[in-house]
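The data below hold one chain only, encoded as structure tokens and taken in the form predicted on its own.
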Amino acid sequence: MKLTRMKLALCCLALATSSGLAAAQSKPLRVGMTLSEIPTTSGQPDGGFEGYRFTGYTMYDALVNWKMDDPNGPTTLVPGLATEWKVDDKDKTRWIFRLRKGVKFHDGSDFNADAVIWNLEKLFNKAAPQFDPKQTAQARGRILSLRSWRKVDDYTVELTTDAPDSTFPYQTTYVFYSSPAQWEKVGRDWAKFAFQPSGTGPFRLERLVPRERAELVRNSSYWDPKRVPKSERMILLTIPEATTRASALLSGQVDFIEAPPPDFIPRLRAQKFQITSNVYPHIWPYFMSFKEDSPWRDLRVRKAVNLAIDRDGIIKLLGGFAAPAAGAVDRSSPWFGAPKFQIKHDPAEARKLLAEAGYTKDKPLTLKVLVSPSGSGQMLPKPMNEYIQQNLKDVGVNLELITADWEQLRNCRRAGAGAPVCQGAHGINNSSATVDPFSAFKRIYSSGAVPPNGFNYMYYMDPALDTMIEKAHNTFDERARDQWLARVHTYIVDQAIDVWVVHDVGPRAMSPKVKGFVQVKHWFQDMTPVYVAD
């Protein structure tokens, strides 16, 4: 009898322990985002890379995904909905992707080659019934090289680029795949699909309240067992104001926030909240117009503005959570090169260059820049821009800040300098990714990337730079390609094309009860291992 009772007690203890773990992981993970709107949920998210983080790679997959489990090494490409990909040795514009078998969309329908073709038509064929211009606007500038596509068999597709492009696999990571069957089920209506979306990702959308919240639940049948979410539910909340986010974390309204304000961090740490950071492939810049009426066409002006900015002061303002920029990529990058123009704080030289360009106290330079109060990778834009405004005033430049919502600013970037949505600005303050060769250079600096084809908002067109970029993309040996990219970066820094300020380190704050978060050196982060313990 005693033995039986002991066994029963041990059994009850085991059940209690296992149920306790389940209960811990069933607590919702509540995330405070910097965005003022829930990113679109129909497949191609808006909201920049914060959108990709929270309604992109959570609910969807790309043909090629990112490895996001090592905080120390660089993130690399891994198989996603494609198990392998290869360029044709005889025709380097032809890529073959072998698709993963057995993958189901959230609605239970099959993922296959027909679904890939349907989704590419959704984005790039205006005559297709499923064509969605809103999703196209998010994807077009991220996969510039794609020219055509065709089904080879049920689990093989051929994608063709307009020219040889060794960076093409990177570009495919930004295209997600929605369920054709679900689109039919909701009446061929993308607006309705957004409330009942169906992807292949580790989370499913259960509830959407625009401008307020999205409630995602675990996809228990996700095709990669290692990435089945630990949390049963993740709730995304729009909290664009930094102090409001931090207050929500302190009061227990949320468990996890992006971009905590620096002045809250000592208090958060004192109360045992977790603070994480890691250097990003990121730049916080001003992209300036090169159109005919722009003062930015003068190299002396471009150099002067770069030299006027006190980057160490901005980093201090951010509580140390940033790194100074000496170009688009940081000095540790194999693409940094050896630029002669040294980006540093030198107000005396800035004044000298401005005088040479014809700007004086009686004839000051005025620059209008479109800025946002928050947004993906924007860090703390209001105090940062006000600090820069004072830096420029000290050398005789009037910086006028035109404030717009994050999506309005992104619409300006997609439309290009001089478009009505840009409100007469000479430039925009839009954080930008340097995560891969294509994102860092071609989609921003190539003549072929001017809107609507890419993100060359500036209308910067330089045949010498175009040649170097194309040389890099036509080089399939990684080391040799890096050497060409270093030449590209050296050139754009010596030409002072942009105002490069700081690199983000992606600070996040979370409750002591949050477990499993591994912050990698990337804009994208894997939320599947993250949960709230009891």
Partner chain sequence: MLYYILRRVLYTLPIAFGVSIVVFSLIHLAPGDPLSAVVGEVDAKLLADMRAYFGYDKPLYLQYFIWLANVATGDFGSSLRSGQPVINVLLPAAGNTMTLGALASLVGFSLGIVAGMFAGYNHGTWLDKVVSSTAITGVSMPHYWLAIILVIVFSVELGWLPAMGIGNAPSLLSFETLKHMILPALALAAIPCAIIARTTRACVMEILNMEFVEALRARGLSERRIVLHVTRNALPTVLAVIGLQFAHLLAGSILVEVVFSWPGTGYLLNLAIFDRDMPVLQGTLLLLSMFFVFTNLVVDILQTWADPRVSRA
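Small disclaimer: the values here were computed from a predicted structure and weren't measured. So that the term is clear: the rigid core is the largest set of C-alpha atoms that superpose within 1.5 Å between two forms. Residue numbers count along the first chain shown, from 1.
Note that the form predicted together with the partner chain isn't included here; everything after this is about it.
- Taking a 4.5 Å heavy atom cutoff to the partner chain in the model of the complex, the contact residue among Thr75, Gln182, Thr238, Ser333 is Thr238.
- A heavy atom within 4.5 Å of the partner chain in the model of the complex is found for one listed residue only; from Ser247, Thr434, Thr161, Asn385, this is Ser247.
- The stretch that touches the partner chain in the model of the complex, counting heavy atoms within 4.5 Å, is 130-138, out of 94-102, 114-122, 130-138, 165-173.
- With respect to the partner chain in the model of the complex, the three residues Leu144, Thr243 and Gly454 uniformly fall within 4.5 angstroms at the level of their nearest heavy atom.
- Mapping the unseen interface onto this chain, Ser36 counts among the residues with a heavy atom inside 4.5 Å of the partner chain in the model of the complex.
- Remark: Glu407 counts among the residues lining the partner chain in the model of the complex, judged by a heavy atom distance of 4.5 Å or less.
- By the criterion of a heavy atom within 4.5 Å, Thr40 is counted among the residues contacting the partner chain in the model of the complex.
- Under a 4.5 angstroms non-hydrogen atom cutoff, the partner chain in the model of the complex has Arg213 among its neighbouring residues.
- Along 267-282, one residue reaches a heavy atom to within 4.5 Å of the partner chain in the model of the complex: Arg267.
- After superposing the rigid core, the Cα of Ala115 is displaced by less than 2 Å between this form and the one not shown.
- Taking the rigid core as fixed, one finds a CA shift for Ala415 of 2 Å or more between this form and the one not shown.
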